[in-house]
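Single chain ahead, by itself, as structure tokens, in the form predicted on its own.
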């Protein structure tokens, strides 16, 4: 009897499950799926809560939030596979560098017509740098490839205790330049043992900062070719490689975040996304702006955007979801996590960001200052960024490892990557 009752209950449950989509359809609701790439469960929970709140107040639409994987290449490649198979979400987030890749392949919608019909929308409500790329048009027609979810910049995370032990001033201020940075790295390294003055990870933005601050650039002004064949590149790589050659840094290619969080590194370059994790360390720390280089202050404007699947059956509702997900209220909720900065030019949202982690007394303004002079993360519309990135990555590694001189790199790198730019 018990077995029979169990079977009946199971059949009833399955029947109700199968009926759920039908009931939703009968209610007149359409379903929109959307996806982000959260760094941790806490961030995923915030997006789920945002989705639930929007869903509750939006008549006629049911939302389903999906948390994507954390590996960058895998996340984007999975989306492309799903779009081609017709199984991708209606709305999803992608990094700024991938906008051109998705747009040129016809994987995301040009939302210009929906934005033009929306009286409440203005491009000027968002940070200028990402909007420049999101409105880029190759054919002269109006374009809008998505809306920026957030922005971020680099800062120097520094170990206050090691600076105190070395008896030196903390990073920042009028005289905070490359020379002062190197002096601090030398003094901290001199503490001995496993202590190193500096650490950074080996992806494009880290070595790119040094190139930009010396007056060089990954690209020419028109973004159609390599911009590294100049003396400023030599200056940047000579300085950067000397930090490693002289033993002042965590070995290049090793993840420097672990040694920093263990208390063995004085200064560590990373983005705002690293801040929540830093709250778990056992030493005193803060953040400062990156040191000024020979060409002045420099930084990056990192960004990512919500975009619409080109195969969505509900483009108008998908556009409205983008506007809801990037509203000042929602951006304030995301900013409260402390992992990124609102992409809206909104005093309300920025105030929330500036007041994150008040118990730590963090210099949150350093990140906003970095945005003010940062170079935007750039989609490559006239070439293959993955191939260009790989060539730059390998070349810089050869310089820092002593297998290639900075001058040789500057003399050869643009010839090497010319093939990856379109005519």
Partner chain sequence: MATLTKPQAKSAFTPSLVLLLSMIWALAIAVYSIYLAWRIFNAEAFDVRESLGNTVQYFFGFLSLVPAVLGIFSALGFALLITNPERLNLYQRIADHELPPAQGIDRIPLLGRYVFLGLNYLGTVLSAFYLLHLWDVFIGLDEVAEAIYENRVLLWGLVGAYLLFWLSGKIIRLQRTLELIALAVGSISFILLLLFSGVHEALIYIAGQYDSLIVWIVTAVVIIFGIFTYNALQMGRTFGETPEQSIGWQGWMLVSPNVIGFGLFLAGPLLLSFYLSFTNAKVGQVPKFNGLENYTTIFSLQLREQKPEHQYPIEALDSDYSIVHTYKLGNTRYVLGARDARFWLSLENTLQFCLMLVPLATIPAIGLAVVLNSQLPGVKFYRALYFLPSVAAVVGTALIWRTALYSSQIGYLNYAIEQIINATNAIFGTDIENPQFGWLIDSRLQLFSVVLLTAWQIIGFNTVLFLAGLQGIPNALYEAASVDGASRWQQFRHITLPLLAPTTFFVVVTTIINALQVFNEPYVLYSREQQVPDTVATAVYHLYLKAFQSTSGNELGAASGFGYASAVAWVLFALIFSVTLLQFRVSRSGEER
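Numbering follows the first chain given and starts at 1. Bear in mind the structure is a predicted one, so any value in this text is a computation, not a measurement.
Only in words, not in the display: the form predicted together with the partner chain, which the text now covers.
Although the partner is absent from this view, residue 363 stays clear of the partner chain in the model of the complex, with no non-hydrogen atom inside 4.5 angstroms. Contact between residue 51 and the partner chain in the model of the complex is not found at the 4.5 Å heavy atom cutoff. Among residues of the shown chain, residue 251 is one whose heavy atoms approach the partner chain to within 4.5 Å in the model of the complex. Interface residue remark: residue 376 is not counted as part of the site for the partner chain in the model of the complex, having no heavy atom within 4.5 Å.
Exactly one of the stretches 195 to 203, 113 to 121, 332 to 340, 145 to 153 approaches the partner chain in the model of the complex with heavy atoms within 4.5 Å, and it is 195 to 203. Checking 127, 288, 226, 107 against the partner chain in the model of the complex, a heavy atom within 4.5 Å turns up for just one residue: 107. Remark: all three candidate residues (85, 412 and 422) come within 4.5 Å of the partner chain in the model of the complex, counting heavy atoms only. Residues of 399 to 419 placing a heavy atom within 4.5 Å of the partner chain in the model of the complex, in sequence order: 401, 403, 407, 408, 411, 412, 415, 416, 419.
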